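Here you get one chain, nothing else, as structure tokens; it is the form predicted on its own.
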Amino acid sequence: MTVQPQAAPAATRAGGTLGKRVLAFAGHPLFRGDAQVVHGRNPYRRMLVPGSLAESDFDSPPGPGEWAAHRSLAAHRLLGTFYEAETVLLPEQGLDGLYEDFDLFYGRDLKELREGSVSELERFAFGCLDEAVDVSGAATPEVLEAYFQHVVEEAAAGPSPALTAIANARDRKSAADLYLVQLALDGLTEASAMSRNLAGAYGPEQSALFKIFIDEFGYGVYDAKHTTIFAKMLRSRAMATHVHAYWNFYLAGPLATNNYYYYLSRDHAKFFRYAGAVTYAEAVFAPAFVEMIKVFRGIFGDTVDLHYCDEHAHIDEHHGRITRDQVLLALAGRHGPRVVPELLRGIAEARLVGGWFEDDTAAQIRWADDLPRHRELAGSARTGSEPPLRVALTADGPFGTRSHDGDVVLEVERGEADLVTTPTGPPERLTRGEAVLIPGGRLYGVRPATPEAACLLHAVSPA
């Protein structure tokens, strides 16, 4: 047996600021991507776009109105990866040929970088909620019940901005697929965050939460598990069903929504906030899926498998009642007024973050569906005096998507390039000299259509 001196831990080697630590993480070979737009059947590899990450200012957290900013997208991609490394991910086809990646993903170096960064990155990504949500005034179980009833009725009365955008799109099929991809973030690993709050001992409320959890897992029957029936829906649209196939198309708002429940579940000091949030989510899911069924049937008829939506439209009514009566109000009654502000905050934050999901998805659908107009807008945009950023594209270079904090004009300087804005829709071909306006916060990727191509990114001056 040989004993070798240990190298310094990765976190120690990286040291320094949050920005330096997350750059060290994103620069790992697992996260540099490849030339493919859709990721392969390897749950450990995902594109974190280290080149664009280097531009992000991790000293300036996004404010309440900046949830779609590029640094917010970058932070939530990282956080999602951090959180999932605390779950078990194994490829359906087995680990043959992937064991080295499994070992790296869960290995010591990345683990130390994650653990040395996660709390600070959470404060960066979710600190804006403290400014956006104010819980003050009377905090009694009666106020809690009245507020909960108010926000649930509000959600049930209003149309979904994302589903409305799908219904109004010119290419409704591509728009609907983009929406499915956002749901896949949770749909293919459903209830993973919830599992963190099942351990311990906290009385009947624990058992009530477990009822919901086990429903999500089909009472132990794999074919009835919600992730299994979600994959059936993707398959009926001829879409990939492996975890994070469409990683490049997750938007900042849906990423934040998914991460939010991990964020609360990772820290049991936020347990009551989680109880408020999950109660709100379960209460508004059922009517949302009823609306989704209507929109998707109108587009695809009987060719799409909506078993997953039918299941949620039915069972989430039941889950809504369980969480309201046996979790939310039961916790308030058992533990008294001290916990009510946190329960209220959870409801309010879940409502706010759920709005990010809707607004971001709707905005992406509208933009991707109206690229001809954004070609025209590029011509009239006032670009700044700063020299443009030049991006060289090669056929074997990695493909990744990104956004910008503000508007930019993308111009093809050399060759031809495809602008990719949706997972299944046709790309927009741009030839030399052609340009398109990319609004701040909108996700896109560019790949070369000729052996070599280059693009210029011009920052747009505010009007």
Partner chain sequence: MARVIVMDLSRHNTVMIGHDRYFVLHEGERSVLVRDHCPHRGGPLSLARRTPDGRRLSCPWHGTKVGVSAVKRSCLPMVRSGDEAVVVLPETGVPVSVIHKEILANLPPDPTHDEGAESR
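Numbering follows the first chain given and starts at 1. What you are looking at is a predicted structure, and each value in this text was computed from that prediction instead of being measured.
Absent from the display: the form predicted together with the partner chain. The rest refers to it.
Not displayed here, the partner chain is kept clear of H268 by more than 4.5 Å at the level of heavy atoms in the predicted bound form. Residue contact with the partner chain in the predicted bound form: R373 places no heavy atom within 4.5 Å of it. Looking at R345, you'd find a heavy atom of it within 4.5 angstroms of the partner chain in the predicted bound form.
Proximity of I299 to the partner chain in the predicted bound form falls outside the 4.5 Å heavy atom cutoff. Distance criterion of 4.5 Å from any heavy atom to the partner chain in the predicted bound form singles out V135 from the list I293, V135, I322, A224. This chain is drawn without the partner chain; in the predicted bound form, the residue among A392, I214, A146, L90 with a heavy atom within 4.5 Å of it is A146.
Considering the partner chain in the predicted bound form, the lone stretch of 242-250, 125-133, 300-308, 104-112 in range is 125-133 [heavy atom distance within 4.5 Å]. No residues of 16-48 lie near the partner chain in the predicted bound form, the criterion being any heavy atom within 4.5 Å.
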